[in-house]
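Before any questions on how it binds or moves, here is one chain, the form predicted alone, in structure tokens.
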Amino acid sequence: MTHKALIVALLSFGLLLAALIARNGDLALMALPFLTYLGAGILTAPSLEKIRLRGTRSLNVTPCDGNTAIEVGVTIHNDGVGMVPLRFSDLLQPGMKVTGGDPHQWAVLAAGEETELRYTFQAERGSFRWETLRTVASDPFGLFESELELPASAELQIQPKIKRFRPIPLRPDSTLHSPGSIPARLGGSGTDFWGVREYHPGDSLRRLDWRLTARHPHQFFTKEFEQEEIADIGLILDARQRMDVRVGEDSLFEHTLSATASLAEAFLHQGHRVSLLIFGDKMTPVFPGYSKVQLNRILRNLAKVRLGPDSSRLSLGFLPLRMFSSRALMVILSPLESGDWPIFSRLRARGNEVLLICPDPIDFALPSFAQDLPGRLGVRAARVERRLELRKIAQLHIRVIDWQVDQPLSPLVHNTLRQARGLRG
């Protein structure tokens, strides 16, 4: 029974009660139209057993400036035998912004007829899943309603935006013994000359050093080239809710997540082995892998990340590092807080090389700060404290990128790694 039916029923019984108390037949006659109206609604109210509806959902994804536009269409067909007034309501999930159409619709379907619910929404990133369409069947007067969940399933995943990086000049201390693009400081097969050694049975004749052999007639010598191998890279994304800073609709975490996706694509495109750990209230590991299969696996997990209530006060010092090799280059993307620095001494003790990409929350939130003297002094003090923390981390021989997210990350990564490569010689 709807509110409308409840009001009609109260009016009817109120008039009847008043007629009995006043012993006035005119009041009883005044209640007759309301009772007739209520009775007609009861007689024409649909029964769930007689309703036969079938729903089919379709999704059409089209590119759009800034976001991705998705057109949702749900076709509802009446397989029953009677005319049914219906009201449809589709579920709006977090991250959806309706830009066209309406996810709520009224329709009256006769037997064999169909209608379509259609609307468009935009989303930057996310995993969206629909199972049912909320449907309410009622009598023609809207007095009595029956609610049912009409099966209409579909699933959609919008992956984070990837900004293309140029090939990243890596030169880690340790590599994996698989062919790749990084000089491994070991003799073997490659393109750059490494040295000369004595000939061993089975060596290719093409690699014989004929000039040196001519000087030593009774010996043969083989040229060696520097092996080129791949790196093992572990990405760690800080997804703690308290690390996010929002200015209007812009989110610091979304910039960090997009940078994680871009780095994963760049490293995997160069043939390296990449793993990922999403560290938050729930930890999501993506174990080491290669190629586009691994990239799709990483992007799917990044698309599902939601910053829920941060019930824990865990710091990065509690990171589970067992999924990463001690030879891996660790890339940590986090704004950091004061209790996070011990993780870097742990990583260095394990023997890992570390690159810290630290989005600057102070610069990001600067437009929302007060511009008076106390506000400027507060910003200045926060920046000094942040620089001291980053300097403490850099003293552990960790490469640190202090990233203002309105600046492109690719040149910063290239310059930092190229400088480290030059210092190593």
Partner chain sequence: MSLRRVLFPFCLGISLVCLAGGYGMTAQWLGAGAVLLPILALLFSKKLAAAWLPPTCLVSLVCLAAAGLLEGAPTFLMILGATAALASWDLMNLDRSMAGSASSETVRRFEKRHALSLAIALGLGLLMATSGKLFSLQIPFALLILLVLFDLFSLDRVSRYLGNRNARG
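Residue numbers count along the first chain shown, from 1. Because the structure is a prediction, the values reported are computed rather than measured. In this text, rigid core is short for the largest set of C-alphas that superpose within 1.5 Å between two forms.
FYI, the form predicted in complex with the partner chain isn't displayed, but the following is about it.
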So in the predicted complex, does Ile362 come within 4.5 Å of the partner chain, heavy atom to heavy atom? no
Going by a heavy atom distance of 4.5 Å, is Asp281 a contact of the partner chain in the predicted complex? no
Report yes if any heavy atom of Leu11 sits within 4.5 Å of a heavy atom of the partner chain in the predicted complex; otherwise report no. yes
Check whether Leu321 has any heavy atom within 4.5 Å of a heavy atom of the partner chain in the predicted complex, and answer yes or no. no
Which one of Ser345, Asn301, Gln157, Thr115 is close to the partner chain in the predicted complex, taking close to mean a heavy atom within 4.5 Å? Thr115
Using a 4.5 Å heavy atom cut-off, which residue among Ala349, Ala110, Val293, Val247 comes into contact with the partner chain in the predicted complex? Ala110
Counting only heavy atoms and a 4.5 Å cutoff, which of 39-47, 381-389, 353-361, 368-376 contacts the partner chain in the predicted complex? 39-47
Select from 26-40 the residues with a non-hydrogen atom within 4.5 Å of the partner chain in the predicted complex and write them out in sequence order. Asp26, Leu27, Leu29, Met30, Leu32, Pro33, Phe34, Leu35, Thr36, Tyr37, Leu38, Ala40
Would you say whether Leu38 is displaced between this form and the one not shown, judging by a C-alpha shift of 2 Å or more on the superposed rigid core? yes
Phe141 C-alpha shift between this form and the one not shown of 2 Å or more, rigid core reference: yes
Establish whether a shift of 2 Å or more occurs at the C-alpha of Ile362 between this form and the one not shown, with the two forms superposed on the rigid core. no
